[in-house]
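Here are two versions of the same chain, shown separately as structure tokens and labelled structure 1 and structure 2.
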Structure 1
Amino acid sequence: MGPIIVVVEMQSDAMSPASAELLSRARQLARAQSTRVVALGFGEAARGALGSSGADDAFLAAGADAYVPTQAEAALRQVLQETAAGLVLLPNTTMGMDLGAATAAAEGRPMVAYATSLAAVEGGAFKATSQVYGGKLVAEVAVPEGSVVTVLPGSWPADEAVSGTTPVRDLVVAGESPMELVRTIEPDTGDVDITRADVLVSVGRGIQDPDNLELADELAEALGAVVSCSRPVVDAGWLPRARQVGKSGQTVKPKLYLALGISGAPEHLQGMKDSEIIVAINSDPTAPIFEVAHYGATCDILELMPILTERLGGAD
């Protein structure tokens, strides 16, 4: 089969964590299918990231300073024609969904979006698991050779060590783009990256008052954890969006996810259900969070948090 193309997205002049995850998985899939990994980046700032990506080859569309949809689509289509790609992987981000859908439509290729897993099968094809209807259902789909797949960030770790240098070839994209980049608005990443935390103390509507966040902070400190939250806490303005877990927030896979006062709406479950161990505390025994929890208890989190902190040797 043809090579696996990974479209690399940059974030603050560095490769995004989602792209690093895709490259790690692409290398595994390429070994299983006896093929190569080819990375594609946009803008001069991506040159260094491509050179250390661990891909077998890389293309750089250096003409643009950053992602411009029409330029990126032309570049990706040119790479597909030059390499006869067997699979195209993009992060399921604003950029990835935009570019993936446009390219699949223009090239007449199948597309799978919101994928959370991807495995090689015999005959040069793949099998993906995709979330549909806002994460309410999970579909297992066949991914024929040549497909375009966008993968939700955090679906697997970027755990492979990369050595050596990837050769980077400049890609000259023919024609002028009718679009140009006006400005880039960087998202508020906050003071921590919850997708990298091994332990998360996540609070929901049951926290009741912003003053009670201090209890979660103390428990997190005792556990060596990071505080995250569900959407109602962000909507109330109590924590920044960078701390939100769920479909409209971050997808996380910590070793321990402690869900405190979180009911478990499908949008939230979509972002944390693959955590290694989920412990749910909620006063409502029918809360959906218990359906994905490995351990659970029905009690008042405001009474429980100080006790846990004390038992762990935390705040007085």
Structure 2
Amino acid sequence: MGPIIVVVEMQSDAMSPASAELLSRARQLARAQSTRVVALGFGEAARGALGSSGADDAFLAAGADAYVPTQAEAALRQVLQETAAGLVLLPNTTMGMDLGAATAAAEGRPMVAYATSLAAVEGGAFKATSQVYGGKLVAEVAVPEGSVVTVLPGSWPADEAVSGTTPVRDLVVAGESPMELVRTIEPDTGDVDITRADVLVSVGRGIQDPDNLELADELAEALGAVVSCSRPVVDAGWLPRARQVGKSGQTVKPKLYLALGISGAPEHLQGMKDSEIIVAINSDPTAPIFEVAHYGATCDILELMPILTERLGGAD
């Protein structure tokens, strides 16, 4: 079998945790299938991370330091053509969504997204499980040799220590890019930093109406907490982005995460599942949030919030 390609993503000048997780599993799978691990990174900033990635070989597509989808795709396709890859692994992040599906389609390779486990099977193939339908179902998928798989961050641990130095080869990508980077935008932390709060009152779609946010504000005040939210609340324009927990928002680990009207889509769970205590209130007893929550209830959050606020001595 050809090598296992791991596409490495950088985060604040270091390899992202999701990329380290992929490399870790790739080394195990490569041993099982008697093949090598080849890492691919983008931009000069990735050179150091590739050198200490634990991969057998690495390619560095230099050029812009920031990620540019078209350039990255051209680089990945070039690596696949040069190496006859037996498996291609990417984190299921923005980069993975850009490159995974496009590369699979362009190169005629099968694709499996949202994977949470990946194992080798005899004969050079693999088996994955993926979260589908908002985490309500799991798909067990036969992954043929040559497939592209995007893996949800946090699906398995990364190896603590990696020894040795990986040789890094510079990759020259031919052709003009139709897409240019205009600017990078650093996160706006807004008026509060939700990653520093001990207690978060986090609201989701179940809040139903922006007027109901006042109930969450009053509860948060009574609790000495900060209000955060899931993605749909930000997309509706009800709370600023700085308050968003999840894949495209902040990762939080408060002492208490009170999830109100949040169903628990995989993208949200990714940002809060390591909270010390999770209490979830959601009217749907089958909501995935209850799988990570320590305590749960299915009562009406709009009834619960004022009662709780009053019991805590607030908003009288």
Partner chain sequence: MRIAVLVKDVPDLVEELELDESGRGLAVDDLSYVPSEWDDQALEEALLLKEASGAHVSAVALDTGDVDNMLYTALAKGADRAVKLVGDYDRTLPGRQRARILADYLAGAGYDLVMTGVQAVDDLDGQIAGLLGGMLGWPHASVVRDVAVDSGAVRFVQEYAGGRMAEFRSSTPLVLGVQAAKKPPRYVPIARIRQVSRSAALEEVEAGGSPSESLAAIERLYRPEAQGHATMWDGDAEQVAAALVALLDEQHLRS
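Given the structure is predicted, the values throughout are model-derived calculations rather than measurements. Here, a residue number simply tells you its place in the sequence of structure 1, counted from 1. The term rigid core refers to the most C-alpha atoms you can superpose between the two forms while keeping them within 1.5 Å.
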Practice problem: Name the structure that matches the description of the form predicted in complex with the partner chain. | Solution: 2
Exercise. Using a superposition on the rigid core, decide whether the Cα position of Q81 changes by 2 angstroms or more between structures 1 and 2.
Key: no
Exercise. Look at A236 and decide if its Cα position differs by 2 Å or more between structures 1 and 2 after superposing on the rigid core.
Key: yes
Self-check item: Rigid-core frame, C-alpha of T298, shift of 2 angstroms or more between structures 1 and 2
Solution: yes
Practice problem: May I ask for the C-alpha shift of N212 between structures 1 and 2, in Å, based on superposition of the rigid core? | Solution: 17.8
Quiz prompt | Once the two forms are fitted on their core, CA shift of G249 between structures 1 and 2 in Å | solution = 6.5
